[in-house]
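Just the one chain here, laid out as structure tokens, in the form predicted alone.
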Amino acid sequence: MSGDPNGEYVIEVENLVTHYGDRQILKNVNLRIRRGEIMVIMGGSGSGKTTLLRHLMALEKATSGSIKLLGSDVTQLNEIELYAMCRKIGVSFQGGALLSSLTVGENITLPLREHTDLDQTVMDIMARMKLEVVNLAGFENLMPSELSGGMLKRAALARAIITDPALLFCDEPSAGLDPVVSSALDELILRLRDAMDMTIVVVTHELDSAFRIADRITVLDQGAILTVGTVEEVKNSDNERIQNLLNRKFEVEEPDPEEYLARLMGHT
């Protein structure tokens, strides 16, 4: 386990509330993440984990509450300040999200072209260096369509770390991969954290992956945090909903008759 238990917090979420229309998605979420820590966010479908991640990446505005990244409240930053913050953040999107019309190398240098004035030769060298880090040396001239699923994920990680970010956000990094490739990707995430001293936030529903890489786990349910703890603390939780999640037990809730009727009548 990394991340100094007494270290500074580089992500601080306080009383975060979010609505999509009239529907409340996040309910007074409070979360602190330390420098050098790998925080895994888990929860069932519709729990709000992806919405929380999008807020942490400053892609969505909350109804209320605050989100501090590296000491700055992103909910209060103007467009120019948000642009500067983006240089300190790396994002590995679900599925890789590489642009199909660009080579792997061109995809990886995109953040450098957007946020720096570096010479193309320097950017190409940096791209090759990051490809070395993710074990894709020599693949810079291939197109994304020529890569396997696992290679796409690693290329996406190379793009996410090209600016040496302080914070790295990963959305379902091992989803859809076979166990061997998934395990290798988990090891890569651990190596990146240790080698580059990054704080990493991972959203995943893959339990094996979560237990392998997490320093701490945040479990969301219906937009609220059920618990934040180490792997062992989460595994040993006596919370029924957490155990249902870990044991893949589907929950069927009996609807309130009046609410159910109102929903059918279109009154909610």
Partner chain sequence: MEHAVREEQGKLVVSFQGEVDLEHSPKAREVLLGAVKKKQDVLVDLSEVSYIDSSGVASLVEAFQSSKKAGSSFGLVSVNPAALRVLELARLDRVFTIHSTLAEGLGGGS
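Positions refer to the first chain, counted from 1. On a predicted model such as this, the values are computed, not experimentally measured, just so you know.
This next part talks about the form predicted together with the partner chain, which is not shown.
The shortest heavy atom separation between L118 and the partner chain in the predicted bound form is within 4.5 Å. When the partner chain is considered in the predicted bound form, K130 lines it closely, a heavy atom lying within 4.5 Å. Though the partner is left out of this view, N135 does reach within 4.5 Å of the partner chain in the predicted bound form, counting heavy atoms only.
In the predicted bound form, the partner chain lies within 4.5 Å of some heavy atom of D164. Among the residues A156, L168, V104, L192, the one placing a heavy atom within 4.5 Å of the partner chain in the predicted bound form is L192. Among L152, V74, M126, V181, the residue placing a heavy atom within 4.5 Å of the partner chain in the predicted bound form is M126.
Looking at the partner chain in the predicted bound form, residues L177, R212 and L245 place no heavy atom within 4.5 Å of it.
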